[in-house]
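Take a look at this single chain, the form predicted on its own, given in structure tokens.
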């Protein structure tokens, strides 16, 4: 009973924080719709991957394939049927689920490093197919884009001379419906972010239910000792395959949302580097935890947005407080770690987290919480004495 109450409180707090992102993120410079939508989308992507990796321990390097398939499915829906994102997202989830079922059925015949290599191989095959062989479906290197002559049979033509925008039953995703100034910050509330935020909250809710269910307990048992389960006569493959498919469907949803945010689907979303970044998100935030994957996704997306925009002129402005030789020295030291080299900073932070916080950012927060609680208790005992 207490655990259920804690879960309800966690879901409530999570929902309030996500919905208040425009206000919470304003001081950090990240409160613009495009970045906040990416926070939500990659949070969904990471939540899905955590159901597979965090619960079963199966490390997949091929989840970017499902992200790409979801984007392509959504784009074809936009081109052929309607710019309404609802059917596009449904198709993205279904196609990604079918694709993950096929890949999972083959890959899950192996475990450990062999499973990881198989998923990586399938992802690279998918990337190469999308880049070359399946050009009529994917438009190859250029990527799948909207065209003026697309059928869109369910849409009414409003302006034949311009490309239409994605919408949810008439609500345009890019439309900013409220633009107040609060505490000196110009905030932007748009429909696109709140659609992504609602789906992120729903994804988090589903994740909590899976974690607390008998199915989730079975997945944890697979991670703990799969051999022992097999010896007791329990076949683990249906459970791991179900987790793989659910995880793939989350990835398909994230891919469909990327297409709704920016109507373009390219093979680059299916590269192994995208899968590697996903692994970093989950491990950095805290694999096997509920909130960790979302924290890791926000952390990496934020660093990608902020550090990649810093250039040499910005650094000179930052370090202009000292003599010229000191400014030049500091700029030469920091410059390789920002701009195009922001991944070096991410790699260094990742090594620090893995070394000192094996449980990720959630582990760090729990340690700080225990330290504060312990300090408060010691202070209370000292006052009593």
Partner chain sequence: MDAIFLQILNGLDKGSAYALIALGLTLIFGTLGVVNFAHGALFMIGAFVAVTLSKVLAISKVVLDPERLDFLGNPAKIKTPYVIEWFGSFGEWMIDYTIPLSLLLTIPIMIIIGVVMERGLIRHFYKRPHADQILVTFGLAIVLQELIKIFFGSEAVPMQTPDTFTGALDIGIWFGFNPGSVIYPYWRLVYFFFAAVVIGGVFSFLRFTTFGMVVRAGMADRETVGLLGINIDKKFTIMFGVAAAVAGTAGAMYTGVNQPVFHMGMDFLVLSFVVVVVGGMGSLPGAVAAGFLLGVLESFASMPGVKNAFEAIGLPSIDQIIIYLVAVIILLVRPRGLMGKVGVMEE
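All values derive from a computational prediction rather than experimental measurement. Positions refer to the first chain, counted from 1.
Heads up, the form predicted together with its partner chain isn't pictured, but that's what we're talking about next.
The closest non-hydrogen atom of residue 283 lies within 4.5 Å of its partner chain in the predicted complex. Contact check for residue 313: no non-hydrogen atom falls within 4.5 Å of its partner chain in the predicted complex.
In the predicted complex, its partner chain stays beyond 4.5 Å of every heavy atom belonging to residue 209.
Among heavy atoms of residue 112, some come within 4.5 Å of its partner chain in the predicted complex.
The candidate site formed by 272, 343 and 355 is fully in contact with its partner chain in the predicted complex, as each residue has a non-hydrogen atom within 4.5 angstroms of it.
In terms of contact with its partner chain in the predicted complex, the residue from 224, 235, 132, 309 that brings a heavy atom within 4.5 Å is 132. Note on the partner interface in the predicted complex: the residue among 154, 106, 202, 148 having a heavy atom within 4.5 angstroms of its partner chain is 106. Stretch 122-130 is the answer when you ask which of 122-130, 247-255, 67-75, 186-194 has residues with heavy atoms within 4.5 Å of its partner chain in the predicted complex. For the stretch 47-76, the set of residues having any non-hydrogen atom within 4.5 angstroms of its partner chain in the predicted complex comprises 53, 59, 61, in sequence order.
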